[in-house]
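Before any questions on how it binds or moves, here is one chain, the form predicted alone, in C-alpha cells.
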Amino acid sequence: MKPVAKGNKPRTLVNCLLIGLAASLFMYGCAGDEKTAKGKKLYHHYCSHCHGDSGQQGEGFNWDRMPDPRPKNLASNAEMSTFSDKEIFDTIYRDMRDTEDPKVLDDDNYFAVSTMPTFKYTLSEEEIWGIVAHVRTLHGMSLSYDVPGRKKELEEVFQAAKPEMESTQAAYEAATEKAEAAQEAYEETLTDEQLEDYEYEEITLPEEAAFLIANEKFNKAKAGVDYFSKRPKKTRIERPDLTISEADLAQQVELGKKLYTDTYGCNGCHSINDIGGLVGPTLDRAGVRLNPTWVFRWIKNPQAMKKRTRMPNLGASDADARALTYYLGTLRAPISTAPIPDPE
C-alpha cells in the first residue's frame, strides 16, 4: 500500500461526491450561461428595438412610436419578479388573438397586447427559454425553470405515443383487410344482374377512429420534440387565389384593417400616415409598391423569404393573411413632395 504523505488525508467517498457535485454544478452553470448568451443575441435581434438593450422603457428606438400600452420595464425587479418564468415564456410563445374580444381580455392566462408579437412560429422552444433567461438578468434574477426537465417530459410523451400509434395502426390495417376480404366474398355470391344494381357501402371501422386519435397524439408529441430544439420548418407557401368579388372585397378590407391593429399588432412595427412603429417599412403605399401574392406569402412566412428579417411568423391563417393582403392593397397614398431633411 502506498504510504500517505504527512499532512495529507486519504480522499474519502465524501470528498469524491463533493468534487463530482461541484463538477456537475459547473457544467450545468456553463450550459445555463450558454443558453443565456444565445438568448441575449436573440433578444437584441428581435426585442431590443422595442424593449431597449437593458430593458429600460424609452430606450429602444421604436418605443416612442408604439401605441399604448407600451412595453413593460424589463429592468424593474419590483414588477418583473411578480411574473414566473413560465408566464414570461407564454407571453413570447402564444397564438395571436383579437385583443378587442372581451373573452380574450378576460382571459387571465393570455397576454392581450397585440403589439407584442409571438415567436412561437419563428424560434424553437429552447431559444425562447434562452430569451427568458436573458430577460431575467435584466432585473437581477436568473432562470429557475427546469428546461432540461421540460425536454425530458416531451421525449417521454413521444416515446409513449409511438407504440400506441403503431399498435392502433396495425389493428386498423388488419381490420381493413378483413373487411375487404368479407366484402369480396359477399360480392362473389351476387349474380351479374345483382352486381349491376349493387352499390358499395363504405364501412366505418372502430379501429380507424382509434388509429386517427392515436396518430394525432403521436404527431403532436413528435412536433413537441422536434420544435423544442429546432425552429419550425419554413414551409413553401402555395400561390394564393386572391380573386374576389367587389361586394366581398369591402368586407374583407374592413376585416383586414381590424386584424392589422387588434390581432396582429402590425402598427407596433409599421406606420401608416406617419402613425405607428419604425421597425418595418412604412405601408402608406403598400397597394402601389407591393405585389399582392408577395404580400400574402410574406405574411404567412417571412423567414422563408428573408432569413434574418426581424418580422416573426405570426401564425396567421390563410383567411387572415388574405384579409390583411386585401387591406394593404387599399393603401395608395400619393408620393410625398416634402423635401427630405438633411441627416443630423
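In this text, residue numbers run from 1 along the sequence as written. Note that the structure is a prediction, hence the values are computed from the model and not measured.
There is another form of the same protein, the form predicted in complex with heme C (HEC); it is not shown, and what comes next is about it.
Hey, in the predicted complex, does residue 115 get a heavy atom within 4.5 angstroms of heme C (HEC)? Yes.
Interface membership of residue 270, heme C (HEC) in the predicted complex, 4.5 Å heavy atom rule: Taking the distances in the predicted complex, the answer for residue 270 is yes, it comes within 4.5 Å of heme C (HEC).
Contact label in the predicted complex: residue 253 to heme C (HEC), heavy atom within 4.5 Å: Answer no; every heavy atom of residue 253 is more than 4.5 Å from heme C (HEC) in the predicted complex.
Does residue 290 make contact with heme C (HEC) in the predicted complex, using a 4.5 Å heavy atom cut-off? Within the cut-off, so yes.
Is it the case in the predicted complex that 49, 265 and 328 each bring at least one heavy atom within 4.5 Å of heme C (HEC)? Yes.
Answer range among 245-253, 176-184, 74-82, 191-199 for contact with heme C (HEC), defined in the predicted complex as heavy atoms within 4.5 Å: Correct option: 74-82.
Those residues of 57-77 which, in the predicted complex, come within 4.5 Å of heme C (HEC) by heavy atom: If the 4.5 Å heavy-atom criterion is applied to heme C (HEC) in the predicted complex, 57-77 yields 62, 66, 69, 70, 71, 72, 74.
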